[in-house]
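Quick heads-up: it's one chain on its own, the form predicted alone, in structure tokens.
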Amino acid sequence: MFDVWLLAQQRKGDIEDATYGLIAEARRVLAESETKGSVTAVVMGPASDTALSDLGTYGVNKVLHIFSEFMERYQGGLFAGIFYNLVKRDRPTCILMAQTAETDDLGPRLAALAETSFVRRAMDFKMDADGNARAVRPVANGHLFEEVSFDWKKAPPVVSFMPSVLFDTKPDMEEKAEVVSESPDLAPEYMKTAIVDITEAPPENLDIEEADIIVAGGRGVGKGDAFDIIHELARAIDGTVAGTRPVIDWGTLPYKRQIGQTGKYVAPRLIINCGISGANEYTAGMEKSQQVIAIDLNPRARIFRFADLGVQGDVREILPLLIARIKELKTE
């Protein structure tokens, strides 16, 4: 019987949206394996009992909630050690994660401790009762794909999925999940580091995958000093700066701020697209944003298809007026 585990990530006690897409992937893996099994969500850190039991309405059978006073914030060595102890004790079939900055650190640590396979940024994952597992992931900046095969019976593989393949899902069950809360045994070897102080990054410099508000600039904004207006707007609304591939190719922004198939996939609460035509390479990376504003000179720009609010005009004329108005409102 399969026991598919998934890491249900949380932020300040709230379950992150990618978790629900991850649950759908876990259910798909079970269905395609033609083997009976269960889905177990592992939550590490603070979270309410109601939020955890509600995971059952999405298809989770059991929730392992691991929390102590040492787990308010993520610590790589500690979390990986605690997770490994759970894996060693309960021996799940596989462990699924959503690819984030946190799991980019946790996944390799856990796989190394368990001496198992780790697949990052998977687009597809399948396994069967005979021990065969297969994952597909992009290579060469997304222009090619590779298929990796391994034996899951030797040790449960760790697979992190690209955020873009974790589609939004709706609750389709009435059952509540069984919630098992545990306080971990904190072995000394995992407590080699401690959080002494926390320095919050300015919103403008946040990782674009973590940002709630993004101001993205494209070719239409211009090079060099012309791009300063994007930074100014981001500072005015406590947003994070991002760009399209041409902007990164010019050297105006570093690669880590590129949105798109060859960059990062984002899902902010609000994204303002400035001077961006909306090529598929770009929109694939931001189509899961909750609210989309687009400003472009071309009334037929593809970006307007994705916008909740579209503004036709020159960003170099519109943005200074917008910034001035925002500052007026803040003053009032």
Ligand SMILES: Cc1cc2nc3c(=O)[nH]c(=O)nc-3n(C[C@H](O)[C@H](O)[C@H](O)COP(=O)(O)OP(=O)(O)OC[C@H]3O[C@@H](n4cnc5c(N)ncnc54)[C@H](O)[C@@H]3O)c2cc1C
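The shown structure was predicted, so the numbers you read here are calculated from the model rather than taken from an experiment. Definition used throughout: the rigid core is the maximal C-alpha set that superposes within 1.5 Å between two forms. Numbers for residues come from their place in the sequence shown, where the first is 1.
Below, we refer to the form predicted together with the ligand, which is not included among the displayed structures.
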{"item": "Contacting member of Gly81, Pro138, Pro246, Pro163, with respect to the ligand in the predicted complex [4.5 Å, heavy atom]", "value": "Pro246"}
{"item": "Heavy atom within 4.5 Å of the ligand in the predicted complex - the one residue of Gly37, Gly45, Gly278, Gly59 that qualifies", "value": "Gly278"}
{"item": "Distance check, Arg219 to the ligand in the predicted complex, heavy atom within 4.5 Å", "value": "yes"}
{"item": "Close approach of Ala301 to the ligand in the predicted complex, 4.5 Å, heavy atom", "value": "yes"}
{"item": "Residue contact check: Ile230 to the ligand in the predicted complex, 4.5 Å heavy atom", "value": "no"}
{"item": "Any non-hydrogen atom of Glu16 within 4.5 angstroms of the ligand in the predicted complex", "value": "no"}
{"item": "Which of 176-184, 128-136, 255-263, 207-215 sits within 4.5 Å of the ligand in the predicted complex, heavy atom basis", "value": "255-263"}
{"item": "Residues from 305-332 in contact with the ligand (non-hydrogen atom within 4.5 Å) in the predicted complex", "value": "Gly313, Asp314, Val315, Arg316"}
{"item": "C-alpha of Lys223 moved at least 2 Å between this form and the one not shown on rigid core", "value": "yes"}
{"item": "Rigid-core frame, C-alpha of Val247, shift of 2 angstroms or more between this form and the one not shown", "value": "yes"}
{"item": "Core-aligned C-alpha movement of Asp314 between this form and the one not shown, 2 Å or more", "value": "yes"}
